[in-house]
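Just one chain follows, in the form predicted alone, and it is written as structure tokens.
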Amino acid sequence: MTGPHDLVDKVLAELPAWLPAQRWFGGKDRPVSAVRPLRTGVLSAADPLLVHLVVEVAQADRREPYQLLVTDRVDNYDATTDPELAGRLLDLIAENASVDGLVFEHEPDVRVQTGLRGRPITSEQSNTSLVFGSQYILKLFRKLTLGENPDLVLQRALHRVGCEHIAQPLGSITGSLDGQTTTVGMLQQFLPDAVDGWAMATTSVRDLMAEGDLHADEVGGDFAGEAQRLGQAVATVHADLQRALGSAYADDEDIDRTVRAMVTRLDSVVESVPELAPYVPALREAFEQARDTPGEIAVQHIHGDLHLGQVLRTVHGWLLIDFEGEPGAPIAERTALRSPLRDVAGMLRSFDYAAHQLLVGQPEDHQLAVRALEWARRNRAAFTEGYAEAAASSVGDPRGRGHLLRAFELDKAVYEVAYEYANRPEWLTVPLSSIARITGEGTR
């Protein structure tokens, strides 16, 4: 029988080649130069062997911690693909167990059913999520963040104030990394009949494209009503976060720091993406105009990575998921107080992506391009209208902060330019055309 140390040695030898092939691995842009173990916890020493392994992955000047669950029972050693071993994690949470440095806990007043088998969600990107029956979903944070993960912190806070637009947090798994208690997993209510917003929105666009001469408001799959309700849900979550965790107002130094960060990103991206160069003067002007936003600018905890793929439609309404923030951003940035308009801007960008995704890689078609822009404008307007209806007084109507909202949206589009250039060059036209449109509209 393989022992824990032998298993870890075998896994470590294969990780440099195995990691870049995993969907959740965030370092696909450069080769893995070394992998070293940071912490090993034996969850089961009997047959089958189950080991929790935290490793440091070295890539050039980058060093990042990742967690794995490994076993000798499957060919690729990945225990998350074994339904029985995945179910063991749920049982440990139900038992409030502590095993070899890992603490498994369910939330107060929550009872977790045992004996369920787990299955991974294949569409997960930066993490691995396991579903148990029709009741539970356990997210394992693959790239670890020192301390409590913002996803768990914010959703616990929202649940405490009775927020209706999240799935109930049910439990957690924590360990220790660099001497800090660190979140490695989060258990939540699973909603098997929920549909994600991206799927709903892109279906609506597909219906419009197939209808020829009909306008967006004449097609049976018109999404504007849902977009408005989604805006209301996002505003309500922001208000609940403010109620749960407080807020502040940005001073001149905060605003200056924000504008400088936008300009710095722009300068960095244009060095590697020459297609962005024609828009630099207009982008700089738009970022500088953010300083002229009237009134006080409220800052608070926000979602941080909001788009149509981060929202679910249930029979009861819209839910927001994955409050971890932008996975590639430093933890200090993800946990900082920021304007809720950043989330609004993120969703506006997502509507543009949904509208134009069918046109990527296709021959130019003027009529379809007009339809896509019409759909985007209709749903962007509906979303902001819904947001304004439910917004906290400290935030108000996003349309009343036009310079700031436009700057946030353009900053997000510059980030998208860098991402698409590096990962999906054929999609580069989506953020570039948006930048051209938004900066052009700003000059009129």
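Computed from a predicted model, the values in this text were never measured in an experiment. Think of the rigid core as the biggest set of C-alphas that the two forms share within 1.5 Å after superposition. When you see a residue number, it is the position in the sequence shown, counting from 1.
Another form exists, predicted in complex with a small molecule; not displayed. Remarks below refer to it.
Put simply, Asp305 is close to the small molecule in the model of the complex: some heavy atom of it is within 4.5 Å. Residue contact check for Glu416: one or more of its heavy atoms lie within 4.5 Å of the small molecule in the model of the complex. None of the heavy atoms of Ser204 is located within 4.5 Å of the small molecule in the model of the complex. Heavy atoms of Ser350 reach within 4.5 Å of the small molecule in the model of the complex, making it an interface residue. The listed set Ser268, Thr114, Thr181, Gln125 contains one residue whose heavy atoms approach the small molecule in the model of the complex to within 4.5 Å, identified as Gln125. Checked against the small molecule in the model of the complex, the candidates Ser172, Gln232, Gln310, Thr80 yield a single residue with a heavy atom inside 4.5 Å, and that residue is Gln310. With the partner omitted here, the stretch from 350 to 358, 86 to 94, 330 to 338, 101 to 109 that lies within 4.5 Å of the small molecule by heavy atoms in the model of the complex is 350 to 358.
Taking the partner from elsewhere, every residue among Arg23, Asp322 and Trp427 has a non-hydrogen atom within 4.5 angstroms of the small molecule in the model of the complex. Once the cores line up, the CA of Arg117 ends up less than 2 angstroms apart between this form and the one not shown. Relative to the superposed rigid core, the position of the CA of Arg265 differs between this form and the one not shown by 2 Å or more.
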